[in-house]
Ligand code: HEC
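Below, in structure tokens: the form predicted on its own, a single chain.
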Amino acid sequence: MKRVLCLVLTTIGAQLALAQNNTAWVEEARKVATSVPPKLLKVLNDEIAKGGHEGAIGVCREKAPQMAKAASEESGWMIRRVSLKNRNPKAVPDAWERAALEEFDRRAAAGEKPPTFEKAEVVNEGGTSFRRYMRALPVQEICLGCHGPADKLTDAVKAKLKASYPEDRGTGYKLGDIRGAMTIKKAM
């Protein structure tokens, strides 16, 4: 009986340690994923104040990937932004990201609040285990000048989008829609 009790307690202890370990990496991932968007919003606001929304297109095209790369190098996580309606051809989600984004859309349609949408999971890809985390990026007021309904965009924004993103799919959003997500992963 003592042996069984000891085995049960050992198993429970191991499960608690595993749960704490999972919680720790998810917390770390959450911090990393939420570190980039506020910095990007500040740069976007500054650029919009200088030259309107058409100037912000260059920020999203050039500075946002640079910011993600710097955060990746600093944190050790691979960081990028993805969307089901991507503007940048590099922002196409993989299968895991697509499933998460579709789940986020279903939850939003059911009335949940997108700023809290996240997914964390350990997945095996090609024989390597990865910690994967995604956090939804809901459309904010500032986003509508470039991502809102096409008939609401200025001619300057439309021209800049056409020149920068000939295959653009990133318009037609309304406030609160899920524009995409920050996605991060790290090999275990």
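So that there is no doubt, residue numbering starts at 1 and follows the sequence shown. Only a predicted model underlies this, so the values are computations on that prediction, with no experimental measurement involved.
Beyond the structure shown, there is the form predicted in complex with ligand HEC, which is absent from this document and is the topic of what follows.
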(Q) Would all three of K31, P115 and A120 be in contact with ligand HEC in the predicted complex, where contact means some heavy atom lies within 4.5 Å? (A) no
Q. Looking at the partner-bound form in the predicted complex, is S75 within 4.5 Å of ligand HEC by any heavy atom?
A. no
**Q.** Heavy atom of A71 within 4.5 Å of ligand HEC in the predicted complex
**A.** no
Q) Going by a heavy atom distance of 4.5 Å, is L41 a contact of ligand HEC in the predicted complex? A) yes
Q: Classify V36 as contacting or not contacting ligand HEC in the predicted complex by the rule of any non-hydrogen atom within 4.5 angstroms, answering yes or no.
A: no
Q: For the heavy atom contacts within 4.5 Å of ligand HEC in the predicted complex, list the residues of 130-158 involved, in sequence order.
A: L137, P138, Q140, I142, C143, C146, H147
